[in-house]
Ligand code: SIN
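This document opens with one chain alone, in structure tokens, the form predicted on its own.
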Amino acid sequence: MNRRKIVVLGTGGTLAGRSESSTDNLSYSAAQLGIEQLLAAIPALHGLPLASEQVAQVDSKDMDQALWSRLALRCAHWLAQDDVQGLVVTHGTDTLEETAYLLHALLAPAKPVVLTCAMRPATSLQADGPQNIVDAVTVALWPGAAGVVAVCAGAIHGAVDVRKHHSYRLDAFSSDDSGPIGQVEEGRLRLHRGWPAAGPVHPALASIAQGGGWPQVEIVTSHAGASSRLVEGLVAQGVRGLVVAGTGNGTIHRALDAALKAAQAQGVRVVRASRCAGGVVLGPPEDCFEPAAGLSPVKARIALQLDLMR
């Protein structure tokens, strides 16, 4: 069977945003244009084997577990279709790295799932969404492409490594120490390393499909003058897990450290990460907290949620 169809799943974001002025890149409303309208306005996509579905219409700062569940299940549905070569997911930049990691951790697909975005609304003189969509479709159609990746400003980032590192520039994402997987250049790919490896579907997907709830896992940050109060309040509310974004190599203020150890003694899972943008936590072998395994705090939170859903 000719497996060439690409399914584009729209979730809103700046890419679908509108502003009253073409020179206003700040006071716009995100998630205003539907995915069919966005695709129809890009001549380079005309004639390509595309299908589309509007999964959500949201400013990605407001992404939540209910939308994640729906998106993951729709991705699983389309990936199972023999005539689908890959997926493109349009997404806001604010939480793109979280959604990318979630889909990677849940699905670990052999087919490509390409998230893309924009830093300027569709009405902007500098609208970057159309080119990002074209690049994402190029990646999804590329022979051998696999796994969950993000494409922005011509760079291809793996879901585990990608993070938003700039608040305004068009090239707002990086992969830190790992570097990008490759570049999209005039309709062709130049690869620097391999695609994300495929693997088994995470057991949590079955729970999500059955409408199971997401366990409460929160992030606390260590800083000068940190106290125990936030952790104590979360434990009182029944939190199931905590990710601590430590300073430097995952170090934790002594007051916060004591509160986290007390929470752990009450059955709360505690994961140690770092608030640093680069590097991994090289904790001591006798560390009483679980390691984040190189994940950023927001991704470590997702990993812990999924593990608690097993």
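Everything numeric in this text was worked out from a predicted model, so none of it was measured. Note that residue numbering begins at 1 and tracks the sequence as displayed.
Absent from the display: the form predicted together with the ligand. The rest refers to it.
The putative spot formed by R70, H104 and A204 is not touched by the ligand in the predicted complex; no residue has a non-hydrogen atom within 4.5 angstroms of it. Checking 280 to 288, 243 to 251, 264 to 272, 60 to 68 against the ligand in the predicted complex, the stretch whose residues place heavy atoms within 4.5 Å of it is 60 to 68.
M119 is the sole member of L115, I156, M119, V162 with a non-hydrogen atom lying within 4.5 angstroms of the ligand in the predicted complex. Put simply, of T93, S174, T99, T123 only one has a heavy atom within 4.5 Å of the ligand in the predicted complex, and it is T93. Contact check for G13: a heavy atom falls within 4.5 Å of the ligand in the predicted complex.
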